[in-house]
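What follows is a single chain, given as structure tokens, in the form predicted on its own.
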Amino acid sequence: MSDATPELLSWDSRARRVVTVYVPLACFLLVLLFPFYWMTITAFKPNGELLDYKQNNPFWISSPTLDNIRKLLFDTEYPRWLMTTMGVAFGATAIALVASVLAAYAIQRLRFKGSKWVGLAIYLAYLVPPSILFIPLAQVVFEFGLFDSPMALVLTYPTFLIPFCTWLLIGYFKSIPYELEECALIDGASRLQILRRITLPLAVPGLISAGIFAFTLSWNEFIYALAFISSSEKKTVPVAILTELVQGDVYQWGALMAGALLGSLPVAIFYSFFVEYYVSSLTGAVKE
């Protein structure tokens, strides 16, 4: 009896682990990945299979085709939409990172009176819904002659990118020992030299995390791109897919899913290169 007890305990431990860890994880992965699976199989399905689920399995492809992707790339302005989206995302991310680094360093390291309240106010600005901000921003865009120009998006996206990136970098700068900067100040280094040669090299994971966040939000943003861009060839991917591939009540599902699939690949590739830095930076940002 005593020999069987360890086996029973081991089986009970494995069963508990399956119930408490693997089953919830499997359910989470199913819910998370199923939309991407559906998007992928729809992008490669012919119209006959898409419109007739009585004779075709909705969860599988009987006759894969590249017609949807071919139509998207050669019969629409999708390559131009993709380049415009990429240019806007990189431009807005660069502006947001530069402004956020300077703001976060000033709030965390210069320690001026009321710096904590300034940091809180910057973060609260992130909570303002874009659906409220785009109305006054539209007037500014018109007055500067930027309407129907990708530059309007590059200059307006930082209004919601900078607050969160600043808050994230403030938390990460807290994890960097201040004694390093004190030693540099004693040696005669200026604040800009300290920022460039000491703080930023140590804050690379935080910068990558903020950059991923800003790039993803810029890539997927919809309201500003819909309000400030009217020309078909200048639209970003999220807006163009909806407005150009939906004609009245006719939804070109194959092309729509192909556009969504191709549009999500750059972000997925971007994440895959920097996921370790992203996780480590979040750990440093929340650590007090």
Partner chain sequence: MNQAEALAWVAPRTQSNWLQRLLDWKPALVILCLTPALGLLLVFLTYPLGLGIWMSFTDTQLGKPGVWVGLENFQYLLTDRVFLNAVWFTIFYTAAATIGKFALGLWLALLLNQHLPFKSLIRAIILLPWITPTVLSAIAFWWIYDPQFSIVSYVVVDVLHWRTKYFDFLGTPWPARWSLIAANVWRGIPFVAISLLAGLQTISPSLYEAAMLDGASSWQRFRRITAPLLMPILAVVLTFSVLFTFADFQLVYAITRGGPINSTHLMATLAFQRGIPGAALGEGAAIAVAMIPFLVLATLFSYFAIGNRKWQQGGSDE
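Note that this is a predicted model, so its numbers are computed, not measured. Take the two forms, find the largest set of C-alpha atoms that superpose within 1.5 Å, and that set is the rigid core. Positions refer to the first chain, counted from 1.
This protein has a second form, the form predicted together with its partner chain, left out of what is shown; the following refers to that one.
Contact annotation: of the candidates 204, 198, 155, 86, the single residue with a non-hydrogen atom within 4.5 angstroms of its partner chain in the predicted bound form is 155. In the predicted bound form, at least one heavy atom of residue 103 sits within 4.5 Å of its partner chain. Using a 4.5 angstroms threshold between heavy atoms, residue 90 stays clear of its partner chain in the predicted bound form. Taking the partner from elsewhere, residue 68 is found to have every heavy atom lying beyond 4.5 Å of its partner chain in the predicted bound form. Its partner chain in the predicted bound form is approached by residue 174, whose closest heavy atom lies within 4.5 angstroms of it. In the predicted bound form, 162, 163, 174, 187, 188, 190 are the residues of 160 to 190 with at least one heavy atom within 4.5 Å of its partner chain, listed from first to last. Once both forms are fitted on their rigid core, the CA atom of residue 29 lies 2 Å or more apart between the shown form and the other one.
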